[in-house]
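Here you get one chain, nothing else, as structure tokens; it is the form predicted on its own.
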Amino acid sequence: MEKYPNKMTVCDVSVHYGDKRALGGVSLDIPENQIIALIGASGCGKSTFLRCLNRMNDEISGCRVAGEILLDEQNIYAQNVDPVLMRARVGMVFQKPNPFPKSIFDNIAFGPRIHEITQSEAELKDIVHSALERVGMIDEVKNRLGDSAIGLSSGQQQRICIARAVAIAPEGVLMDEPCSALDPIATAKIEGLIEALAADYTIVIVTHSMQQAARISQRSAFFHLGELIEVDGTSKIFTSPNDPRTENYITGRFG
């Protein structure tokens, strides 16, 4: 397998919610411009781990994160790191589509406006159109950018959320089961989009679907009871895993 440089490096990360340990001692390399899938049974810690990668756990009362996560060799938990600016570098797409109750245009323009990355309205329009092109939606919505994003189908809403994430030119995108609320046709569109986006972004996806992980990811990381059991090339994980717990999950003996 071709070797890619690491975009993020996770070193001995543990997460506690009060006295309860949710994640213990996770170390993991996340290669640049690759899709890495986090797999495992519900409650195994994969979404908790995903939220560590852009400090979303900071928003949860009583949550403590220990260890080190490097983004381009800078510790994102260092005191001098602004989590808001860091999240502009590592965007997030959630399980349920969550467009703002605003127009399609304003949904995608939200980030560029907040982070003041445009100098003019014309430049902002270019960014919105480019983001819609990236997610394959420009032809579907170019004549109704003033309409509410809430009126779109679930699959379209999720693509709008992805467009919103990429509009601020992040370096990585985190996705927490982005297809679980979608039908098979919308899922296929999102999967194709994710594969295309990997040319420009590092993507970490939590998925409950082993078939989805097998279809779109280059690497897979298997979590079990709050621990990272193993990580390897996706084909290796699915055909000849090293740990019997991984094999038991892949073959459906538990999970």
Ligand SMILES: Nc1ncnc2c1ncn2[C@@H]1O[C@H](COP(=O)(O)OP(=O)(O)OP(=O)(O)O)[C@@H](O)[C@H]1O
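Owing to the predicted nature of the structure, the values given are computational and were not obtained by experimental measurement. Numbers for residues come from their place in the sequence shown, where the first is 1.
FYI, the form predicted in complex with the named molecule isn't displayed, but the following is about it.
Three-residue candidate spot 17, 42 and 60; every residue lies within 4.5 angstroms of the named molecule in the predicted complex by at least one non-hydrogen atom. Shown without its partner, this chain lists 218, 187, 212, 47 as candidates; in the predicted complex, only 47 has a non-hydrogen atom within 4.5 angstroms of the named molecule. Only one segment in the set 192-200, 64-72, 25-33, 47-55 has residues whose heavy atoms sit within 4.5 Å of the named molecule in the predicted complex; it is 47-55. Contact annotation: residue 177 falls within 4.5 Å of the named molecule in the predicted complex, judged by heavy atom distances. Using a 4.5 Å cut-off on any heavy atom, the one residue of 196-233 that reaches the named molecule in the predicted complex is 208.
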